[in-house]
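Take a look at the structure tokens below, where one protein chain is shown in two forms, each on its own, as structure 1 and structure 2.
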Structure 1
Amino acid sequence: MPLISDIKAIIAGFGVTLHHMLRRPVTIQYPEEKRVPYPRFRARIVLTRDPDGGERCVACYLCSAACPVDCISMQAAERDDGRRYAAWFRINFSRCIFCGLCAEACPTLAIQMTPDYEICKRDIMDLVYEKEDLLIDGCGKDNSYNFYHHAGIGVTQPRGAGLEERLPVDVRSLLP
């Protein structure tokens, strides 16, 4: 009876095909109708700010290291108070695959993904975004997180002044 089971399988396959052929197509007229993405949809990358209004990016290069297509580049700099920041930050969206690994690697929540999926340009050089293009005014998804309030040592208070911290040891005092 293998012939009967083969015929049943073919009829079942044609039934699935016929079922899909008779359904109404789901067509969205794109320029006039915009598709609303899901809440966790990952598209354009933005740089966010602290609740205090300062830049969150500390130029740790973790996003650049995590990027599989190497589309993120930056240069680190340091302020007078010891805080690091990105002197320049650049993302090449013509290479970006929107995987979100950079946002997951960021310890300060500076890089976040938005659902903005319309970033098509005619000139490929217009897809290279600088820090000024990426930096937004808001905090993004977490309005209360401030990296420098959690980082602690030597940034918001002198070394050894924190709770359960000892003063630094002078290594010259350890010499024989």
Structure 2
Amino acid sequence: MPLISDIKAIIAGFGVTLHHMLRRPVTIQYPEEKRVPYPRFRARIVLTRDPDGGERCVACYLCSAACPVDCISMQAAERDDGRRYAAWFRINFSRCIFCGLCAEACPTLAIQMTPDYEICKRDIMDLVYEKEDLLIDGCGKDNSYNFYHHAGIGVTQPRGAGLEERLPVDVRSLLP
């Protein structure tokens, strides 16, 4: 009998809404209550340093190339010892979509996402972060990695001094 089942369905519907009326709301009262994001939450971007305190970024432009909205720009420069760095480094957070592709692309773990999601500003120009705003003192998520211990041979360390490397073989000593 469709009438009976219709009436039953309507009453069941009233039951469902009553049940939800008595449940705790899921709302988070934002400025007073703040949710604690997971450690891998993708928000404000930082530039980290290696454990020895040097800037990790080698100004390779990979993050800038990976960024789908083109909001990273920088100027590469080279120190006297041959180590590369970014003369200036700029992220326009008003365009950033917090996709995390820059952090994935970075070979030196320099650019990292942090869970700090509260970066609203009254003036949109304040959302353009310069290098001094981005650079932090710590290592971020990986506090043992130093790019130059694995690569950058011949720049900051002699050949063969990398962690996974052996000293170069002196080919003359191999003569029979």
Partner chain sequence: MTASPLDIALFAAKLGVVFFVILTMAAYLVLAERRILAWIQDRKGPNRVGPFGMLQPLADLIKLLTKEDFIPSAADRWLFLLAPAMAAIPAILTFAVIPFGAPITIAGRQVPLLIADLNVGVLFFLALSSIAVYGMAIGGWASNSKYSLLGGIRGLAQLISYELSMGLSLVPVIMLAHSFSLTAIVDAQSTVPFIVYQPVAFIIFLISITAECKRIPFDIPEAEGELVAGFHTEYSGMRFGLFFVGEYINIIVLGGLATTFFLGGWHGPFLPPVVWFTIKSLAVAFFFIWMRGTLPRLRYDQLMHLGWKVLTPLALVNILATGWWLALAAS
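Sequence positions of structure 1, starting at 1, serve as the residue numbers. None of these values were measured; they are calculated from a predicted model. The term rigid core refers to the most C-alpha atoms you can superpose between the two forms while keeping them within 1.5 Å.
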item	value
Between structure 1 and structure 2, the form predicted together with the partner chain	2
Core-aligned CA shift between structure 1 and structure 2 for residue 24 (Å)	3.6
Rigid-core-superposed Cα shift at residue 14 between structure 1 and structure 2, Å	8.9
